[in-house]
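The form predicted on its own is given below as one chain in structure tokens.
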Amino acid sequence: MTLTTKQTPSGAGSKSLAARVQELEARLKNYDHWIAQATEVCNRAAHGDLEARLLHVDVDGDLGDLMFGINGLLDYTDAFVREAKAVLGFTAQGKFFRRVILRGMVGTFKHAAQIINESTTEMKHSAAELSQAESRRLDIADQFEATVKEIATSVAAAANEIHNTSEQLALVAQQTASQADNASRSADRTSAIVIQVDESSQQLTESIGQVKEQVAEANEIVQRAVIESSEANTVVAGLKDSSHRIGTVVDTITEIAKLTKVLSLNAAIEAARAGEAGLGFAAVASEVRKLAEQTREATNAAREEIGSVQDSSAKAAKAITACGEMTLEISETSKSIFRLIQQQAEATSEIRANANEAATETAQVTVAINQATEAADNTRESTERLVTAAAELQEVSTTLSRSVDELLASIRKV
């Protein structure tokens, strides 16, 4: 600031005015000095240096009040900032015991300090609630971890068990399919054998029918032979009786021949006694004796023939009896054979019925085996898909466990 010196008309007045001007210029210079100091302090404060002060203030009046006012403002501001910094510093560390000292605070500083203290108190409560929430969150995280780990472990164990079981099922299904194939081939062979048995049974039934007819015819012949043998035995018995009666007649004739011979001898004796008269009678007696001798010889021959006939009849009767007995045995044997053939026919019929039933059952078994084979193939395919699903489930379980670990780590870091 520059003052323009104005020349006064008088000398005394001019000196006084000059002194006044000089005084004013000195004061103005002092004002400029303190205003520069105040400007520098304000600039330092504006740049964050709250320790800057106007020192050695030796001016009074408004300028002096301004300088002290600036120092006072800086003191209040510095004290407020220090208190706020200390409170906020502890608060930033989670320590909420520090409060802004209100003593000496005025106006906006006091109001702001009260707000900071109230905010610190609220932050303390919030921090406590946050700590409780953190504790609850960690507890929840622990519970969640335990639950999810248990689930993941259970899922992994179940998946592992499913995988193992599926592999076993696949192996069993494969073995079942192989066994079903073998059983199917066996059933086919059995069916072919059953068909052959049925055909053989049918042929055997026909053969048994023919044999049965032949045995029936033989039995009829045997029965007729039995009857014929019985009749022949009767005839031989009659022949024996006749030969016996003939023998009796021959004996009678023999006795007659003996008597005749005796009579002829007596007649010859009497003829000899009669001499010539008895010659004719002697010739007759001689002829009678010859006839008696011939009769005896004939009867002896007849007796021998009759004996031969009786012997032959007895042998024939014995042979016929033996033949009859043999025929009866043959008849009984034929009956036994007929019964056996009948039983064989019934057994063959039963075998054929069983063969037909076996063929039906074999066909049903073949259908069942084919169904079992198809079911085994479906089971094998299902188990293969199940093995794949179990492997995927194991992988998902592992991924879930790893994701849960990462999530829990993130939660616990917060």
Partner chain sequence: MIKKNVRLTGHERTFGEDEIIVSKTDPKGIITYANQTFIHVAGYTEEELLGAPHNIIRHPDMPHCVFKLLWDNISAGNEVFAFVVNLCKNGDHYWVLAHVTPSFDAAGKITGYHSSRRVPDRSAVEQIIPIYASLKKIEDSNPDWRAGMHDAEGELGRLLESVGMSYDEFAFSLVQCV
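Residue numbers count along the first chain shown, from 1. Fair warning: this is a prediction, and the values are worked out from it, not measured in the lab.
Another form, the form predicted together with its partner chain, is not on view; read the next lines as being about it.
Of the heavy atoms in F90, some are within 4.5 Å of its partner chain in the predicted bound form. Of the heavy atoms in K240, none are within 4.5 Å of its partner chain in the predicted bound form. Using a 4.5 angstroms limit between non-hydrogen atoms, R99 touches its partner chain in the predicted bound form. In the predicted bound form, none of the heavy atoms of R352 sits within 4.5 Å of a heavy atom of its partner chain.
The stretch that touches its partner chain in the predicted bound form, counting heavy atoms within 4.5 Å, is 75 to 83, out of 339 to 347, 75 to 83, 318 to 326, 225 to 233. This chain is drawn without its partner chain; in the predicted bound form, the residue among A271, V288, M105, I116 with a heavy atom within 4.5 Å of it is M105. V57 is the sole member of A372, V387, L66, V57 with a non-hydrogen atom lying within 4.5 angstroms of its partner chain in the predicted bound form.
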